[in-house]
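Okay, so here's just one chain, in structure tokens, the form predicted alone.
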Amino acid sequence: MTLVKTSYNRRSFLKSVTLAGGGMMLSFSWLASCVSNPKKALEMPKEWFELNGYLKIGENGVTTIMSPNPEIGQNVKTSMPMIVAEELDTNWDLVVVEQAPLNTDIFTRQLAGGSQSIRQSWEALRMAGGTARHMLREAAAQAWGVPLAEVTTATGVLYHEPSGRSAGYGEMASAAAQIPVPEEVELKDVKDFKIIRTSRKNVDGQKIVTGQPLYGLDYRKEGMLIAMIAAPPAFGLQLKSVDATAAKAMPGIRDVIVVDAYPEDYEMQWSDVSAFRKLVAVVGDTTWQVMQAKKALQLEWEPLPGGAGTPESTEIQMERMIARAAQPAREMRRDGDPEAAFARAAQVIERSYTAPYLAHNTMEPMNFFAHVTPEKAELVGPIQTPEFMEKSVSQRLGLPLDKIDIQMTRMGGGFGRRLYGHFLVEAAVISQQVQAPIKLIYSREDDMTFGCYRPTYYVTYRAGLDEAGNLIAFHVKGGGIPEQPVFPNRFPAGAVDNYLAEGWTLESNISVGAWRAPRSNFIAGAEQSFLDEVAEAAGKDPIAFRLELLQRAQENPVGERNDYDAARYAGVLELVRDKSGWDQPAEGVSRGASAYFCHNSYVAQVLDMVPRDGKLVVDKVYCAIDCGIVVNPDAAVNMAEGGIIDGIGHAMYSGLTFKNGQPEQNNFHQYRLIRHSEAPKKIEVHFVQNDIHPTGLGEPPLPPAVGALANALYKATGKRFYHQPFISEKQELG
């Protein structure tokens, strides 16, 4: 066992209290994502205290763990309670979960983003379960008059083998609640895990498939009205005038108001991204009535003052990026003398890659319920950043933080879109102005044209080879609107003597935000495509070429800022090579390889493409992942499969373009997503087995899929693909 001190979180480990009905309740402010699953067959204790942020044990042994973190489909609502239940050594079938509301006095990092939930809560969740188990053992030892060391546990039962005594956790819960929090506790050895590393069903699975209300769009409250917004049709415009006479006269319409969501004196934080501060809101009885009234509005728009009102078109944006890429950029890393190395290189390969803006297109459009009174603000809905948005609402409404109550629903997708809660602020302001409870609903068109897109990118790579085909110089220079995608300390930094990384940016009035695996979702595909082309020029196998560089990074690394473990990186490449039978592809198969490190995890993929009915299709993807300990294998495989399909689909088909500042795609009849028939026919996922603490998994499988796809397309068509979406090269793809 591992002995750990509880003192670093003792302030958060609030005093145990005895529950009515004789239970045990422990509070952890650092319990950032603990959850569990309700089972209808369970007989609940007669009384539960409905408090936020507590691990509860009832008199019958049922354990409830509140879930502070948002659930966006990454399945933390199952995996996190598994960690607590493991160290508690309880019966998984007697675990119940409840979604906690926002409570910054108790919890920290109530956030879904960055693939960090499990990684950052691993120690704390284990400590939560281990500490409760210690207190139960202490209570049993005192009740039986035996040494603590002689009391053991197994599946929710306490044992004293010398005397043959035993008791369920529920029998000792009240006494355990009186035990002082220990200074240190013993945690299990990894080899003794019984719940972690076993597959457990999604705790909300039955509710999801039977259509029970879990999502923000499901939420209803008596007296609730529906609100929808009208925003400027193009970036760079603002509201000039509104004539709502016809709309107000329509059935069921209660009001039409101008909403100044973010006044000029408002200090916006990073989660307040919004291109349109002033909007028109229509409020009525039903969604249909409001949608029809919205069409009847007579709206007039005008350019924003100064350069902020300059309309942008996709062609102009590309011209701006190409021109900017030719200018000097900010140096981010330099090893050796790259200029001299390029000058003496026997061969120099230079290629440029681009990617368009992308919309998030979550299955559940943006929505939020708000009921604002002079005394408090009640807010319910899907948000990835409740802790940040609490501050935004407090500032905007002029209410203290303790008067803001944000309750989280399960989300129908996030992918970064719900990191930015402008729609929550808008709902609160609308409710405050109309003095009624409302639910703000974005239509698909509203969401797709409002902004917060994945930025558009442009990157140029150069590689210098000597006469023997050795890589002696490497240069990456990347930028975008409005952010650059280069990670200067990632591979192949550390593996090349002469290395240069540079970045540049261009401003825009188009609002952008994080999109699944930010920046990595583009730069990985570009980098891995380029490395394949360099390997070919060097006359080397693509995987062998990468392994050769990684061996250099292991044995004699260049620089000290390399942010990856070369041995683990090589490990996933070797695993996918072996599992795919890389050297012996089936007849007619064109395959591409790719590997990437992001969000603290390593992923390598081999993608097999075959011709079918006159078209190229993805037949199979092999995927190898090193993300440390895999808590819930089935859920981990699901995340990998989803990320791979997401990466292939967006790289092949998706893109958002502009004409005079107006998005040219506003729904799925124009914005292309991958279809069922276009998804890989099979995905085979393999995990590196080790005892390293868990790292990210929600995002890492997506980036390498883009490179593997591009490299397989080259093998199938003889043409390199540099510009996403790849379907734009229609003649080659069939």
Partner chain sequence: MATFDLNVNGKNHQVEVDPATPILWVLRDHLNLVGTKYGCGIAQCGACTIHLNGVAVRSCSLPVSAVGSQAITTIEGLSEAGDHPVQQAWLEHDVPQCGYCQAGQIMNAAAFLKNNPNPTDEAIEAAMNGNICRCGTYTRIKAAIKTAAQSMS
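Residue numbers count along the first chain shown, from 1. Predicted model, so just to flag it, every value in this text is computed and none were measured.
The same protein also exists as the form predicted in complex with its partner chain; that form is not shown, yet it is the one meant from here on.
Q: Determine which one of 525-533, 237-245, 314-322, 364-372 lies within 4.5 Å of its partner chain in the predicted complex, judging by heavy atom distances; exactly one does.
A: Going by heavy atoms within 4.5 Å, the stretch is 364-372.
Q: For the three residues D626, M652 and P701, verify that every one has a non-hydrogen atom within 4.5 Å of its partner chain in the predicted complex; reply yes or no.
A: Checked in the predicted complex: no contact with its partner chain for any of the three.
Q: Check each of A570, V630, L397, L217 and return the one that places a heavy atom within 4.5 angstroms of its partner chain in the predicted complex.
A: The option sitting close enough to the partner is L217.
Q: Though its partner chain is not shown, can you say which of R351, R612, K391, R277 has a heavy atom within 4.5 Å of it in the predicted complex?
A: Checking each option against its partner chain in the predicted complex, the one that comes within 4.5 Å is R612.
Q: Would you please decide whether G164 lies within 4.5 angstroms of its partner chain in the predicted complex, comparing each non-hydrogen atom pair?
A: Contact with its partner chain, no.
Q: Given that its partner chain is not shown alongside this chain, does E641 nevertheless sit within 4.5 Å of it in the predicted complex, heavy atom to heavy atom?
A: Result yes; E641 sits at the interface with its partner chain in the predicted complex.
Q: With a cut-off of 4.5 Å between heavy atoms, is P557 one of the residues that contacts its partner chain in the predicted complex?
A: No, P557 is distant from the partner.
Q: Taking any heavy atom pair closer than or equal to 4.5 Å as contact, tell me whether R330 reaches its partner chain in the predicted complex.
A: Flag for R330 set to no.
Q: Going by heavy atoms, what in 276-296 lies within 4.5 angstroms of its partner chain in the predicted complex?
A: Result: T286, T287, W288, Q289, M291.
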